[in-house]
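First, one chain by itself: the form predicted on its own, in structure tokens.
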Amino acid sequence: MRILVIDDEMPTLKMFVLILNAMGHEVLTAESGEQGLEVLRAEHPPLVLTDIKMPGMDGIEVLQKIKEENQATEVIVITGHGDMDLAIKALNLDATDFINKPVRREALQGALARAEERIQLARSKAAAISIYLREGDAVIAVRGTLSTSSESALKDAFRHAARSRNNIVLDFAENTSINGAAISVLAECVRNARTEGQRIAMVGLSANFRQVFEVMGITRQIAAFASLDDVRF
């Protein structure tokens, strides 16, 4: 996969080139947000990794520009360790994932694998949301990216699930990305379902988005399990 990395620190760029080349990716680099946008417009890589804190145009501005020009481009932002406020701000602007500094190889591999799967899903136009019944539960399966355009599908899924069963399981794929607007819609759906007496559990979902759900208070209303077989209400 072709990946553009934007970071103002040359040692960090060299580290990314070494690691990503070793993983088999083709790497493009830029030392500023402005240069990054020029490279993006010329080369059209499907995925961008950008540091958040840079002099001049910072990573948030880069993210906004990229999404204005091509919503389909995957953008993973690189934040300071534990900086959830910036991570959530980036998700609200349609970043599809985040990784913390210092960058760990495992975290980078996980984020890249999720991004690659989302790109493939987008190309195949696979449905992001589907519903099926499993024993006493209605399962809402979420694959790919939940964004503003998913609002109607997400609300419809909860309505159909609530009509079928009192127990609802959100089955997230490991590659699922959820932007800020979709997180708000999901939180609203969960609140409404709980008010109507439904019980809700979730499985899957990457550790990154579990952290976001924790900060947003969603996990207080949903029981989390490792797999569908573990779900108990």
Partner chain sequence: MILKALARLNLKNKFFISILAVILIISCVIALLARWILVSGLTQELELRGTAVAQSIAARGGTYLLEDNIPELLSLIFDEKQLRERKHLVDYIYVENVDKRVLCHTFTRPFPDELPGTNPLGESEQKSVRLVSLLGHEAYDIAVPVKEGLYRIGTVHVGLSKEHIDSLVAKLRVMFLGFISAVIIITFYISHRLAGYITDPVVRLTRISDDLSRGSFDSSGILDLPDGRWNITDCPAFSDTDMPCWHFDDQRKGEQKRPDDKTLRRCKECVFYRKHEDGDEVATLTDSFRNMVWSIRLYRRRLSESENTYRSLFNSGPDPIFVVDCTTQKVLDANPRAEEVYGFSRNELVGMDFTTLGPVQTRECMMLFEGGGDEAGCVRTPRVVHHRKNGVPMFVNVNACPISYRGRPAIIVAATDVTEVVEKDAQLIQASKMKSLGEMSAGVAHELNQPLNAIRMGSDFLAMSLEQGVTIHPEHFRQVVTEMSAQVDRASGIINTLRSFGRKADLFDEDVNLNATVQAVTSLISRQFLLHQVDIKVDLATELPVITAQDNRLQQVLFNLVTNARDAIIERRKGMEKAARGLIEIRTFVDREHVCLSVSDNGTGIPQHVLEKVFEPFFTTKVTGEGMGLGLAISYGIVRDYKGDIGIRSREGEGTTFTLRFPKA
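Residue numbers count along the first chain shown, from 1. All values derive from a computational prediction rather than experimental measurement.
The same protein also has a form predicted in complex with the partner chain, omitted here; what follows describes it.
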Have a look at K53, K67, R194, H44 for me and say which one sits with a heavy atom within 4.5 Å of the partner chain in the model of the complex. K53
None of S149, S130, Q71, Q109 but one has a heavy atom within 4.5 Å of the partner chain in the model of the complex; the exception is Q109
Just one of 149-157, 135-143, 98-106, 112-120 has heavy atoms within 4.5 Å of the partner chain in the model of the complex; which? 98-106
Even though the partner isn't displayed, in the model of the complex is Q211 close enough to the partner chain, meaning a heavy atom within 4.5 Å? no
Taking the shortest heavy atom distance, is I19 within 4.5 Å of the partner chain in the model of the complex? yes
Any chance M23 has a heavy atom within 4.5 Å of the partner chain in the model of the complex? yes
Mark M15 yes when one of its heavy atoms lies within 4.5 Å of a heavy atom of the partner chain in the model of the complex, and no otherwise. yes
